[in-house]
Each structure stands twice: as structure tokens, then as C-alpha cells.
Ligand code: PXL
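Given next, in C-alpha cells, is a single chain: the form predicted on its own.
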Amino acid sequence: MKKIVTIQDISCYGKCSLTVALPIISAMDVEAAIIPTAVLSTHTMFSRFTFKDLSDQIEPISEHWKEEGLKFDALYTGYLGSFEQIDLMKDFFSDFGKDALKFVDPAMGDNGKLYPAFDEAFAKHMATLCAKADIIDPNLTEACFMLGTEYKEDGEYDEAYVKDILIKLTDLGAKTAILTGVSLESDKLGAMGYDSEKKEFFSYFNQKIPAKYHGTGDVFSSALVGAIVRGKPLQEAIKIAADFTVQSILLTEKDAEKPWYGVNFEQAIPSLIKELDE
């Protein structure tokens, strides 16, 4: 069985980060190992949540795994909460990444703004981790902050703007960059990517749903890594992940009063498995 280790925080209640990654990857017939970077009572869209940083556990876990000779098919990082954790992931990539896909979701902002805990210096430091990755999948906000590039809203940019950002992202060092949440037509939303080794652009677009839900980036990234490890070509893996994310949102629309909670990805897993096995 293929193995992915994902390193990000875990919320005891709420749909994001490890609470999303673990069930999705497991459902895709891939073993999911985890390193929790922090534990929260709920995700951060709740008020008065508790938080315990686990940075001091990352290196001991890594050392134990090295002693056990553990190997993985992919290393997948999500939300990292500090400069220290970014640096620890660089060491982790060096220790376990020789024969593994290194995938970074630089989760740190959206809608033109960084999350409250982060600043521009943090974004620049995240770029140093992206430099060591095989694949990165920032959204437009995250990409612009890492590059120091002007952020543009949907409808304000064109394909040339997106392609320029993708090239600059791979110039950081990553072999392939995928930009999520791209919209070049008013009714379409999807992802565009650039393979710097093949010098090729690619894209996939699905319907644009006029609503925003918490954790959809984690849903997309987890399904994408799982599909790649299952042997799907990158462009097909992007389609699988995007379709799964859209289906998860559609199944959540009846719960529109709580878009901040997350999406009903569990109900969409049968469609994910069906598309994965086609």
C-alpha cells in the first residue's frame, strides 16, 4: 500500500487540516501517516478555541521514524503556524524526501489577505519551503504574497497574469506550481498549473459556485496528493480533486447557514472513489 505522511494541525472538531486530510487519503486506498503540528479544540472559525503548539514534538517524531527506517511515497505539508515549523519541514524533507514526492500547500491566506497570525515576512519564509517542493498549490493570495506581486481580484486579471505568476512560482525552486481558485470566465473556477521541466501549462475548470466554505483548500489538496500517489497523471489528478471539491460543496449548500463550518466531503467520497477507479 502506498503511504503519505501529512504534516499540519488537527482540530478536535471542525472540518479542515488533518481532520480532512486523514479520512480523504485513507478513503483513496492510501495509508495516511500524520504529524500534528498543533491541536485545537475546534477550528479557528469558532470563538474561544483552545490551542496547543506541538512544534517540540516534530523533531522527536522524525528521529524515531528515522530509527525505524520508515519511508513514504509522498510528504504533504498543509497549514504551518510558525517560522520554526517551516524550518522543521525543510529538515523533514531532507530526511525523508529523497524518494518521495514533496508537496506543499502553503496555507496562509485568501481573498487578498494573509490570515491574522501571518505577515509578509512569514510569506517570504514559506517561499523557502516551496523552493524544496516538487509540487506546490497556493491560491492567488498566497502566491502573490510569496512573490511580492500585486494581487488582483477575479475579473481583474487575465491568462497572461496567471501564467506569469506560475513561472515565477517555479523560479522559487518548485518543479511544478498549481494555482488554485483561478477564474478566467465568470461562471468557471478551477486551477492552472505549470510544469517547469516540460515548459508546459495546463488547466482544469469546473462550475463556479457563488459561495465560500471553510476547508475546501484542504479537501482539494488532500484529494490531489492522494490521486497522484495512486498513479494518476497530474492533470487527471487535478480534475479528480477539483470535481470532488465541487461535489462536496454542492452537497453542503443545504447547510448554507454554516459556510464557516466546512463542507460535507464525507458524502462525496463515493463519487471520488468512482472517478479515481475509472
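In case it trips you up, residue 1 is the first one in the sequence shown, and so on. It should be emphasised that the depicted structure is a prediction, and the values quoted were computed from it without experimental measurement.
This protein has a second form, the form predicted together with the ligand, left out of what is shown; the following refers to that one.
Participant: Tell me whether V30, Y76 and R230, taken together, all sit within 4.5 Å of the ligand in the model of the complex, counting heavy atoms only.
Facilitator: Checking in the model of the complex: none of V30, Y76 and R230 is within 4.5 Å of the ligand.
Participant: I'd like to know if S62 sits close to the ligand in the model of the complex, meaning any non-hydrogen atom pair within 4.5 angstroms.
Facilitator: No, S62 sits far enough from the ligand in the model of the complex that none of its heavy atoms falls within 4.5 Å.
Participant: Since only the chain is shown here, I'm wondering whether C16 would be in contact with the ligand in the model of the complex (any heavy atom pair within 4.5 Å).
Facilitator: Heavy-atom contact with the ligand at 4.5 Å: present for C16.
Participant: State yes or no: in the model of the complex, is some non-hydrogen atom of T44 no more than 4.5 angstroms from a non-hydrogen atom of the ligand?
Facilitator: Close contact exists here: in the model of the complex, T44 approaches the ligand to within 4.5 Å, heavy atoms only.
Participant: Wondering, does I35 line up within 4.5 Å of the ligand in the model of the complex on heavy atoms?
Facilitator: No, I35 is distant from the partner.
Participant: V246, A237, L40, I58: which sits within 4.5 Å of the ligand in the model of the complex by any heavy atom?
Facilitator: It is L40 that has a heavy atom within 4.5 Å of the partner.
Participant: The ligand isn't shown here, but in the model of the complex which of F205, F202, Y115, F83 has a heavy atom within 4.5 Å of it?
Facilitator: Of the listed residues, the single hit is Y115.
Participant: Taking 4.5 angstroms as the heavy atom distance cut-off, pick the stretch from 22-30, 238-246, 66-74, 213-221 that is near the ligand in the model of the complex.
Facilitator: Among the candidates, contact is made by 213-221.
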